[in-house]
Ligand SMILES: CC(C)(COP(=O)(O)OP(=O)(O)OC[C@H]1O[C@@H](n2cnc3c(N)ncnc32)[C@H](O)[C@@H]1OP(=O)(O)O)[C@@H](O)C(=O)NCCC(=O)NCCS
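Take a look at this one chain, the form predicted on its own, written out in structure tokens.
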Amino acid sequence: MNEGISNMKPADLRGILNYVPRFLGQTFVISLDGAILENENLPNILLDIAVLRSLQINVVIAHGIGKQISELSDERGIEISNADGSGVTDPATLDLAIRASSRASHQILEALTQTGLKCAITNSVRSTPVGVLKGVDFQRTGKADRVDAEFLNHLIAQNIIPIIQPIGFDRNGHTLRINSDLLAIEAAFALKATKTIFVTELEGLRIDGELKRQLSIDDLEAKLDDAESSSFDASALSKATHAHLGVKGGIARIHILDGNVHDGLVREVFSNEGVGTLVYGNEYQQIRQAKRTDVPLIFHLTSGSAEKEELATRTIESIENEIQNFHVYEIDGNLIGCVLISRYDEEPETAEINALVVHSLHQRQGAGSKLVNFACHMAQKEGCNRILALSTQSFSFFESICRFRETDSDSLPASRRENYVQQNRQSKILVKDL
């Protein structure tokens, strides 16, 4: 049994169950770097894959051979033209790549067999030579021309995990070497996979030295386009480039995960905060109108802040009565923040931000300001010319980040002013012109 899973708290297991309905029957392409196949944590990674399969998530494994081919080169005294499949592959390097690929695939096959899973090494990738680029003949380096999704889905339907080697075959059956990062993305495209997960020796993606837990495609693109910037280490550049390619091509989420972390794969997939870097498309983080099914989650989210006297206490019934005015912030289908936009009949030009809260794991990441900006936008769209916010502990956030200014109780609509006096919470009153 996977120790990490067995040691999980009930709350952790409930967190996993929140994701299960969303991922049921979906396909994840998991790319294992060659170095990870030599890592002592490999058995735990493959046990995590067994957990995914037990939850009826389809898995396809692609793998690299950079470490294996380099070791063979040293052992045999044969100089290689390129290790990762992105450069020139001469005949001697191709021969070592075939041998290294066989070794690496067997390691995965053996470890998955020990977990009780069925798997198969496939020849599902038809490739074509890269050819000559900028005057350089790439010789036996290839790129994926077609991934046989029908064949792979047939194996998946038989409860068999396909293993895709970084080796392809052209129309005439000749062997070509393929970069494994590109191969994983092409396989995900063909299978219409929900996720591609790169399991590496990197913590994730660092930009200008800072580890990014979440990275929008727009931010990633800006860094990749910045010719003057050396934002990424050389070891991370391929992952960054192919994550960009994947999300742009329609893969909703791409993860770069540290394969040294025990239970890292399960924690990355089944928790909001994750343990690596998530690259996501613009639709991944979104604010939407709340639904009745969100009431218990909103109550749970706001209750913690009410206990700290950050928010006024709200009952489930009061949330139900105002649910049409609540909006929620989601990450990966999980509610991590909310805001209530209140209106007043006696002053239709005035709105108020209420019940603004962001889960502690996602604070200081911009979710709160996005909720405030969204509330201001919605209020303005509905004809309001000002918006209020009352706060006991977050007034500096409203003033410095959201550009509200402090005012007094005379600025409150009559009904709200009466309620303010009755509550006697001594909240600071802030206002922003729209």
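In this text, rigid core is short for the largest set of C-alphas that superpose within 1.5 Å between two forms. Small disclaimer: the values here were computed from a predicted structure and weren't measured. In this text, residue numbers run from 1 along the sequence as written.
The same protein also has a form predicted together with this ligand, omitted here; what follows describes it.
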Determine whether any heavy atom of Glu310 comes within 4.5 Å of a heavy atom of this ligand in the predicted bound form, and answer yes or no.
yes
Within a 4.5 Å heavy atom cut-off, is Leu390 in contact with this ligand in the predicted bound form?
yes
Would His362 sit within 4.5 Å of this ligand in the predicted bound form, counting heavy atoms only?
yes
How about Ser305 - does it come within 4.5 Å of this ligand in the predicted bound form, if we only consider non-hydrogen atoms?
yes
Note which of Asn39, Ser394, Thr27, Asn44 lies within 4.5 Å of this ligand in the predicted bound form, where distance is taken over heavy atoms; exactly one does.
Ser394
Just to be sure I understand the contacts: of Ile331, Ile341, Val358, Ala240, which is the one whose heavy atoms reach within 4.5 angstroms of this ligand in the predicted bound form?
Val358
Interface stretch in the predicted bound form with this ligand - options 28-36, 44-52, 365-373, 60-68, non-hydrogen atom within 4.5 Å
365-373
Is there a C-alpha shift of 2 Å or more at Ala306 between the shown form and the other one once the rigid core is superposed?
yes
Ile45: after superposing the rigid core, is there a C-alpha shift of 2 Å or more between the shown form and the other one?
no
Superpose on the rigid core, then tell me if the C-alpha of Ile178 is displaced by 2 angstroms or more between the shown form and the other one.
no
Relative to the form shown here, do the C-alpha atoms of Gly259 and Arg364 sit closer together or farther apart in the predicted bound form, given a change of 3 Å or more?
farther
